[in-house]
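A single chain comes next, written as C-alpha cells; it is the form predicted alone.
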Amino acid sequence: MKKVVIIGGGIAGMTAGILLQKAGFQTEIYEKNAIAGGQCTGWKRDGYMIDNCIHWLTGTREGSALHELWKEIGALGDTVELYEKPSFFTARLNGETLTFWRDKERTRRELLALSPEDEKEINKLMDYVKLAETMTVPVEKPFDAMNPLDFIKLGMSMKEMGKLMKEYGKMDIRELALRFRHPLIRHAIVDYMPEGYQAYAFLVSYATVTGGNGDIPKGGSLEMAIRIAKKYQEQGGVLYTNTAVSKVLLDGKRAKGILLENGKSVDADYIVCACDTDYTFRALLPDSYMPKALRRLYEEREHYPVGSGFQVAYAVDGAFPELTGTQVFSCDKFRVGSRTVQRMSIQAYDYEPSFAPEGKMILQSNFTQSEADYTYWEALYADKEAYEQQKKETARKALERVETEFAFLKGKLRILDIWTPITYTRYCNSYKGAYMSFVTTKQAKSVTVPGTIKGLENVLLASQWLMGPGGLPTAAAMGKFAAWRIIKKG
C-alpha cells in the first residue's frame, strides 16, 4: 500500500485524503493548528461562536458534480440541514433601502420601483442573473487532463455563462455600477465586491443565492470542517494536529518525505502540498520549482491582487429580527488600516441559534483590506502593543458607527473579538493575509495552475490558490484533482 503525506488539513487536504483513502492508499495529514479545517473554522468567545468562513456554500443545490463531492467528503448529506438565505444583502443610503432577495423577481420589482429610469439596465441585470444560476464549478478532472470531448461537454454545460461573459466579462465592478443612475443601486453594487473584481463576479455570487445553490450548512464553518475530518478518519486516514512541517525532503527528481518542525522525518511515496502556495515555495520547497503560471500571478501584483479583511465580532444584548442578513450602510469617515472608509456592513448570524446565548445574537463587520492595508498592519505588528491598541481603537470606532445607524442598539453592543489580515498569515500562512485566491482583473487573463511540479515526479499541489478566485469549492476541487492524479499513477 503506497503512502501519501498531505501537508495541510484544510478543505483541500482533507478532500484529497478522503478520496485517496477510498482508493486504497495510506494517507497521513499534517496540520500545524490544533484543529483541521484551515480557514473553514470558527471559535468561541464568552459563550458566543464566531464563524470565520461560510457566507454561502456554493454547491448546495442537488444535481451538480460539486454537490456530489460535498456529499462524498461529508460536508453535506441527508442529515445536514441547510439554512436557505432569504437575501444576498441589503444596502442603505439616505433613508432608502434596497435588498437583493433570494426571490430575484421580488428584487426586480424593488429595483424598478426605486429607479424607473434604470429600467433597461435593471431588467438586463436580472435576466443575466438568471443565466448565471447555471454556473457550476467543474470538479470531474483537472483541466489539463481533459480531452476534446470533455471540453465540449463543459462548454455545453456553461453555454449560458458564455452569454453572460460576452455582456459583462470586460468590465469591472465599478463600471457595472456606473451603468445605473440611482445612487443607491450604484452604492449597492460596489459595496459588496472589493475593488478590482470583474462585474460578472457580482452576478454569479448573487445567482448562487437566487438559484438555491448558495445556502449555509447548519452548524456553520467549524461544524462542517469537523464533519469532513471525521469522515477522513472513518476512512482510515491519520490526522496529526499541532504538527507543523518545515520542508519537503528531496532526492533527485523525487521527494522522499517531509521534515517536521520537531525534527522528525516522515517517509512517503507521494506528497501533496495542500497549503498556501507562497509558503510552499518559500519554506517547503525551493523557489525554483514554482510553476511558471503561478509565478506570474505573484509577480503581476496589479493584475492579480489579493484581498483580506479587518473584522469585528459584536455580542448583542437582545435578539433583533430586523438585523437578519447583511446590511451595508454609510457612516462617518474613519481609517481602517491604510484607507479611509465611509461605508461599512454588519452581518447577523441569527440563523444559527447555537452561536449565541438564548435571547442574544452575534453580529460581525468585515472591512475589505488591500495589500497596502496588509503592509500597514504588518508594520504595526512589529510592536505588538501598538498593534493591539490600533485594533481596539478601530473596532471601537466601528461599534460607534453601528450604534449610530441602528439607534436601538445603543448600549447593547460589546466587542467580542477583532482580527486583521495578519491573523490569516499567522493561522494559515496566508499570502498577504488573503483568505481567498488571486482576483483576476479585467486587464488580465484568467490563469489556472496545474497541480503538478515540473522536475518533481511525486509532489502535487492542492490549494485554492491554483485557480481564482479561490474559496471552498476551489479548495475541494483541487484536493480532488491531486487525488485523481495519484490514483491514475497508482
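Numbers for residues come from their place in the sequence shown, where the first is 1. Computed from a predicted model, the values in this text were never measured in an experiment.
The form predicted in complex with a small molecule exists for this protein as well; it is not shown, and the discussion that follows is about that form.
- Proximity to the small molecule in the predicted complex, defined as a heavy atom within 4.5 Å, holds among A65, M436, I422, L456 only for M436.
- Only one of V245, A75, A348, A268 lies close to the small molecule in the predicted complex, with a heavy atom inside 4.5 Å, and it is V245.
- Per the 4.5 Å heavy atom criterion, the small molecule in the predicted complex is contacted by stretch 275-283, the sole one of 118-126, 337-345, 94-102, 275-283.
- Using a 4.5 angstroms threshold between heavy atoms, Q39 counts as touching the small molecule in the predicted complex.
- Remark: N33 counts among the residues lining the small molecule in the predicted complex, judged by a heavy atom distance of 4.5 Å or less.
- Residue contact check for T452: none of its heavy atoms lie within 4.5 Å of the small molecule in the predicted complex.
- Contact check for V5: every heavy atom lies farther than 4.5 Å from the small molecule in the predicted complex.
- Contact check at 4.5 Å (heavy atoms) against the small molecule in the predicted complex: none of A132, T208 and G468 pass.
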